[in-house]
Each structure stands twice: as structure tokens, then as C-alpha cells.
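The chain below stands alone and is given as C-alpha cells, in the form predicted alone.
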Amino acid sequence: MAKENCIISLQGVTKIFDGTSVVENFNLDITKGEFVTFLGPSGCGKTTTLRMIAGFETPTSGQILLNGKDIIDIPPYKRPINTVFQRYALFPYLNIRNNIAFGLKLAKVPYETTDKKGNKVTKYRKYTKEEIDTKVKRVLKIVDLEGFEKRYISTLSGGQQQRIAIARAIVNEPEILLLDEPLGALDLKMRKEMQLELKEMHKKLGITFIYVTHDQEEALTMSDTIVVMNDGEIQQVGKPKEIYDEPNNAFVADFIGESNIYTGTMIKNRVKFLGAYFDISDEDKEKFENNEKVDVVVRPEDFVVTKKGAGTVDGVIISKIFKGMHYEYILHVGKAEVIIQSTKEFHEEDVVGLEVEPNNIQIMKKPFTSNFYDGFLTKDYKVEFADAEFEIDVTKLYKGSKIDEDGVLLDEKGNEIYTEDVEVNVNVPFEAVTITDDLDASDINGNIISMIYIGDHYRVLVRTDNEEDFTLDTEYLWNENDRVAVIIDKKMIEVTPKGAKK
């Protein structure tokens, strides 16, 4: 069901380039006047989604509704939508007034008149010079550059050029303004100033802003609603505080702000992590089963530092940084690493206690703990998946079967079983997967596309050239985009017939 006062709705939108899904089953309703930010790492589909809204790309499937009407077949110039890009594309040979007025000079305004027969008809005219001047002065006032009409682009700072790009986009009074990382070319100080100015412009204009960034601070500072994306899919939609305080999963927690993320176990209405049992909220007690594995998130500011032995766990301070309003400490609790923020001053090698209020412990269901693939058997009793073959004990697939002295698979009645091209489900646990930079070590090669620190190890996602994903846990630090070979322990591969429960 669409939001009340919804201006634009994306329903089941998918975009595929060369067989690769860049945006997948994207569903989102945006309210008139809302400031919505698409937030996520590079390559997650943010800009592609924005370009589909603008009309520069056509969805492979799904609908984009503007005020309830599908606009997929409407060209960009006929949509009441304007875009501000990271590269402002201003005309250096025109002064500011003519840069802003460029679109107005091409636009045609409808007006009603009466023909010779007395019938009312709609005709189109161009804006007058006076009308253009009025509109240009209005938007220059909004972007705080009044009196700059006659200056040229080359005389402006980066921040001023960015404002002119916005002025040119809003002078036509669009219903929606799209902003594709417009602050990316600015230095840090100017970027922070422009974040506040953009938010103020949004209030003055009252139109819908859809903003794309990979900068979490920009998203938290400006947005009414944040849409966190990863790998072409929405991970979470919510208000900035909601996204920060109650992340849906470990990816969101890791991407939005600093987080301590751990693998935990639910045990009798408490959660065990960092080698200790922590009390949890009454709400969380009803969500999880006993002995269920979960992801646990605690923000650095939510750890309370106490005296040694007075908290739930003790930790050793190994690093201390003064950050103005607080100290940031890194502690070791056993083998796990903990980041905390505190106004109290301690020293390296101090042993302190840590505790957390139950409501400040965010507990999330693990999305999965194994890799699943569609595979098939070969005629020589191997399993093939992810473009590689592995030896398995094929007799486990057929009750009462055995391999005779000639190496032939027989059923319990002594009949030969033909396995070539038999489809199977393949389950590869995280712990069965390792990676190496020796690309000759395996037939499976791919690139690291994401990495999340989970307390005492990293959770790594490797994607092969044929779009097969492998998730694994490793104690070693890698870099995103590293090329690696994926090694699988064949003894841990689980194979079941198609139709059987994975």
C-alpha cells in the first residue's frame, strides 16, 4: 500500500546490465516534500536507481509511478524532474544569469486563448525576458548568490558553482530534484557547510529531494528518510535515528557509524557474546529461540566503563585517542576487539570493566551461515557448481547404494545409477571456505566485494566473474576488490537431491 501523499513509487523495479542484476526488486514510496537519501557503497545501484527515476535508464522490469501514473515510457525532458550531478556541467562561456536561464529559454509555457470560432484552445509561448529575470533572481536568492548574475563560472569557488548548478535545476520548478553525489568535488569544510545549506534550501523550496551518497554523515545530517542499499537491494528504510539505533542487519550497522559487531548465542533469555552473558530487553526475549545464533551490535558510546570486576566483562585498553568531546579506546576482551567512547580518561594497559544497558544491545537474526548453490552431478560421480568440480561421497545421495570394484554406482538392487546432469542442492558452510592471493590454488577466482569486522574476525564476500557469491569468515584483513582464489574443503560440502530441504 502506497504512502499517503505519495509523489513517486518504485514497484518491483529491476535493472539488468549484460546479464548482471544491478538493481533487484526495488520497492519504495516517497512522499511529497520528503528528503530521501539513497546510501550505500560504490556500485550498490544507487545512481542507477536515480537514473531510472530521471528517465536516463529504463527498468528491465517493474513500474515507476509519478503521482500514480507510470512514467517509464515518458522521456526525461517531459518529466517534472531535474538532476544535479557531481560534475555540475555548467557552461563556462555563459555568465551566471544565462547559465541559470538556459533551460527557461528553451521552455514553452501553455496558455489558453480563443480561436476565430470562439473555442478555447491551448497554445504555447516562450518566457519573456522579464519573466526569466524574475525567476533567475528568485533562485539566486534561495542559493544566497544575489547580485552574481553577470559573473562568469570561472570566477566562482567550487561551493558557489555547486549552488549555481542547483539554481539551474530548480529554476524550472520541478516536482522532484535528484542529486547525484553533488558534494563529492568539494573539500571537507565546504562539504559540511553545503550539507546544512542544502537542508535549508529543501525547507525553502518544499519540493521532494532524492539524494545519492556513500557518505553516512551526509545522509544522517540532511535526510528525512534514509534508504540503505547494498548489492542492488534495499537493506533498510527508516529515519536517520532509527537506522542508527536499530539497524536491521550487520551490514547496516557496519555501514552507518562505528559499531561493535559480534556473533552471539541466545541462552535462556540472555545473549552470550564476548564470553559473557548479557541481559536483554523484554522485546528481544520474545524474538529469538534458545541456543539461536545471532548477530549482536553495540555502539561504542553505549558501553559503560566501570572498575575492573564491576562490569559484565573486563577488558585491557590497548589504544587511546582524544577526540575533543570524548576519548576513543580500543580494548581486548579475550581475543575480541571492542571500540568504546567515554569522557573518562584511562591509560593504555589499564584493565577496566564494561557493561551495557539491555536496550542498547541490538540483536539481529543471522541472514544465513552457509553458502547455497544449484549444482549437478557428473558421470564420474563428482558435483559441479560455481564452475568447478569436487569429489563427494555420492552414495550418501542414494539409500542403500554402493560403488562396486569396477567403480560403478549401484542401487540397493544392484542396478547401475546414472548420475550425469542430475540436479542437486549444494550447501557450503562458511567454515569450509578459505581464500588466498595465489590464484592458481583453485579453479574458483573472484573479487572481494565487501568485508565486515565481527569482533575477532572478518566476514568477507567474494564474487566470481560468473556472479557466484562465497561468504566466509577469516582472521586476516583484506581489501575490497582484491583478486583471490576460493578454496573449499570438499569434506564439508553437503549435497542433497533437488526438492529435498537444504
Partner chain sequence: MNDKIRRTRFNFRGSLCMPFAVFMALFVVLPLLLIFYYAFTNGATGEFTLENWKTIFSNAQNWRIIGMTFFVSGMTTIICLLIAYPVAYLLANSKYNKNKILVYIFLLPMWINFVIRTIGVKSLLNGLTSKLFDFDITSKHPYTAIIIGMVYDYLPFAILPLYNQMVKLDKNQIEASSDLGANPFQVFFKTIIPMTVPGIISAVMMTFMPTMSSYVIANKMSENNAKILGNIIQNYFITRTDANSNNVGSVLSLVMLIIIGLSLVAQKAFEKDGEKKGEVW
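All values derive from a computational prediction rather than experimental measurement. Residue numbers count along the first chain shown, from 1.
Missing here is the form predicted in complex with the partner chain; even so, the following discussion is about that form.
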is_contact(G103, the partner chain) in the model of the complex, heavy atom dist at most 4.5 Å: yes
Contact of V351 with the partner chain in the model of the complex (heavy atom, 4.5 Å): no
Partner proximity in the model of the complex: V408 to the partner chain, non-hydrogen atom cutoff 4.5 Å: no
The partner chain contact at R163 in the model of the complex, heavy atom, 4.5 Å: no
Heavy atom within 4.5 Å of the partner chain in the model of the complex - the one residue of Y93, F372, Y124, F322 that qualifies: Y93
Selected contact from A89, I318, I403, I72, since only one has a non-hydrogen atom within 4.5 angstroms of the partner chain in the model of the complex: A89
One stretch from 51-59, 23-31, 37-45, 455-463 that, in the model of the complex, holds residues within 4.5 Å of the partner chain by heavy atom: 51-59
Residues in 363-379 with any heavy atom within 4.5 Å of the partner chain in the model of the complex: none
